[in-house]
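Given next, in structure tokens, is a single chain: the form predicted on its own.
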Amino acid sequence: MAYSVISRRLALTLNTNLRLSVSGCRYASKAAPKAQVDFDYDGPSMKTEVPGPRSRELTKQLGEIQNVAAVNFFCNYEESRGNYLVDVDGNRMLDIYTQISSIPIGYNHPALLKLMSNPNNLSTVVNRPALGILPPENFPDKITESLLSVAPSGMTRVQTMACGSCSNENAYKAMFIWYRNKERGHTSPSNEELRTSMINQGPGCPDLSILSFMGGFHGRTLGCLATTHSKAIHKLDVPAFDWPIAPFPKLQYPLEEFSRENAQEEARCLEQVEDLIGKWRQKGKPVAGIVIEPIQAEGGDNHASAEFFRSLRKIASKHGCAFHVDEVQTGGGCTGKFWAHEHWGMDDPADIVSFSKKLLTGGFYYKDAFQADQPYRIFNTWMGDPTKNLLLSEVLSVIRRENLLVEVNRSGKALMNGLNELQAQYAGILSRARGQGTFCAIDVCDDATRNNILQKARNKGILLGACGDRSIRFRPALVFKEYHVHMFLNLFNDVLAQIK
């Protein structure tokens, strides 16, 4: 039954041949040329407000089972296609949020439907193995052709996990294990260490720390929460470790007008990092690792210069700290390079790079020194999912075949140009347009106005996301073309005109 449904869906998708028809850009420039897309719709189509009556009914039903305060609306994924998400009330929205930046090549991409309709892949779908103890025969090959084919510079090892939080959680463990083995000078713990570890005391459970940054987000599990500092509601009522928190640079925009001030701000933050490493060493809680996002996403799309990250990498090496780059949101091509840290221009950018979202599976790359020294130290039942590696291999093929990173840079340039023009036109509402590739954001004058804009945009058929205190973030799929940008800008202009 599942096979026949997929086959019918594939046939329908492959035979669909829609062209975009969009009027000239109303706000500033002409729309980009139309292009043939065989799995995209021709634009938004709205039938009700969002959420509509069916969504509200389902929300009430689910509310009898669990908390639904975060639910926006219910979706019809069968009918969603390309850059468009369809809800259960038949509303079709241009999705520029993509499941919190986790849809790489759009909804129901023909290449992925074809892959899943292949009977040879049914065993991978049906049987989910405990990869740490009983991996399938083709697992090394699949890892090599998927994750290792896009490994960050200097890394040949990767550990799969299920999601971003457990990726970072286990990466933290890897840093702690590495640090203690380095201190011991060998990898065999003493009997005292083994005994005290069982009662949560030192030396078996050492008082080590990880340095993180204000505004950062690394997950909601217990260890990750100690390094997450984006919203209070994430952390409220949950015990946290006494670990150092450094300031992240607060850049002023436009960057070219504030180069001196921004350089001073970054120097101040780097000085604080070194100061905190010294203070925590004196407290008897040495910093085993530093974790940072190339762009703070959940915390408000906060950027820093390549020079800031290069200097931070040097500080980590100087003080014997592992350097962990969290690319859960930024990895996968959305910044115009496959990894955001590639913009730093470094041959040795990190010791550990974690990923998830657009890579469909979770996990972390790491240097040889961070290899677990014994079994079951970095472990859980599933340790990822082979079906996600199967899908990722095809996603990577599509990215290469269709030159999607080139498209991302082209669309990103159009998006940034449009946002800059709109913030000039609506200076009382918008400010601080910023981004790399299509990984962009803009600030709104206050939180209430931002939420009003998001709601009005959604009812016009544009799905956007919020981040930080008052920012709107843009997270389209890699198949988001220049003409989608102009379609969005036209509708966004209409919304802003209502606000003004």
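What you are looking at is a predicted structure, and each value in this text was computed from that prediction instead of being measured. Residue positions are given as counts along the sequence shown, with the first one as 1.
Another form exists, predicted in complex with a further copy of the same chain; not displayed. Remarks below refer to it.
Under a 4.5 angstroms non-hydrogen atom cutoff, a further copy of the same chain in the predicted complex has His229 among its neighbouring residues.
Residue contact check for Ser117: one or more of its heavy atoms lie within 4.5 Å of a further copy of the same chain in the predicted complex. Heavy atoms of Pro129 reach within 4.5 Å of a further copy of the same chain in the predicted complex, making it an interface residue. Although the partner is absent here, Gln159 sits close enough that one of its heavy atoms falls within 4.5 Å of a further copy of the same chain in the predicted complex.
Residues within 4.5 angstroms of a further copy of the same chain in the predicted complex, judged by any non-hydrogen atom, belong to 167-175 and to none of the other stretches in 306-314, 399-407, 167-175, 338-346. Taken together, the three residues Gly204, Gly223 and Tyr366 all come within 4.5 Å of a further copy of the same chain in the predicted complex, as judged by their closest heavy atom. Note on the partner interface in the predicted complex: the residue among Ile143, Leu392, Val287, Ala414 having a heavy atom within 4.5 angstroms of a further copy of the same chain is Ile143. Only one of Cys75, Leu276, Ala267, Ile429 lies close to a further copy of the same chain in the predicted complex, with a heavy atom inside 4.5 Å, and it is Cys75.
Residues are counted as partner-facing when one of their heavy atoms sits within 4.5 Å of a further copy of the same chain in the predicted complex; in 329-347 not one qualifies.
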